[in-house]
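Just the one chain here, the form predicted alone, laid out as structure tokens.
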Amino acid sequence: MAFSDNIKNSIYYHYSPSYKYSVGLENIKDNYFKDDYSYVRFTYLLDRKNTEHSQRNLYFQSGISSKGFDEFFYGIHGDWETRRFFVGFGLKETKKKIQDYSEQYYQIGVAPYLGDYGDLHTWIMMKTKKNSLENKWSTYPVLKLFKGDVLMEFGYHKKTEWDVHLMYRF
């Protein structure tokens, strides 16, 4: 996975021995604190509910920094979706020697068409996010595309600049 926004750029490699959890390494270029470091990460599926028409997921996430055990993060993120509608959120606390901070986001979207299995799927979304470093909400449109093992998400706001998420599963 790759993430990019005004705070940081990261590349995250992870392995999932089971659908319940994953372990991995995230390399970070921190644009806010002008620093480079890595996290050893752990993600755990707290809850999943599949129905005939929807799916719900809730995850715990955590990481320990290469800068030491006193620099780490933890949080939760989740989503609920049907083939037509999507709602998601994330809450994250980061502990750093320089300054602790929190991040949160909320996302809602709609699929303009319903594709079959294997088709290109498209979501038009609105995302709002805030971190305690800048303490301002940014709300902007996001385009999410996925097909097979590839997911791409692009959003832009003048405060947060590009908000990009790329993922490839193999």
Partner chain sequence: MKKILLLLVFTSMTWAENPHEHMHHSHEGHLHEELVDGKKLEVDPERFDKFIVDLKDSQIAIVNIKGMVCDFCARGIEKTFKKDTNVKKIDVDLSKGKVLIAYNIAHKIVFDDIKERILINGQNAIDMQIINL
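No experiment lies behind these values; they were computed from the predicted model shown. Residue numbers count along the first chain shown, from 1.
This protein has a second form, the form predicted in complex with the partner chain, left out of what is shown; the following refers to that one.
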Is the gap between Tyr117 and the partner chain in the model of the complex 4.5 Å or less for some heavy atom pair?
yes
Is Asn27 a contact residue for the partner chain in the model of the complex, using a 4.5 Å heavy atom cut-off?
no
Is there any non-hydrogen atom of Val150 lying within 4.5 Å of the partner chain in the model of the complex?
yes
Does the partner chain get within 4.5 angstroms of any non-hydrogen atom of Glu71 in the model of the complex?
no
Here the chain appears without its partner; judged in the model of the complex, the stretch of 46-54, 100-108, 62-70, 132-140 with heavy atoms within 4.5 Å of the partner chain is 46-54
Which residues, if any, of 65-83 lie within 4.5 Å of the partner chain in the model of the complex when only heavy atoms count?
Glu81, Thr82, Arg83
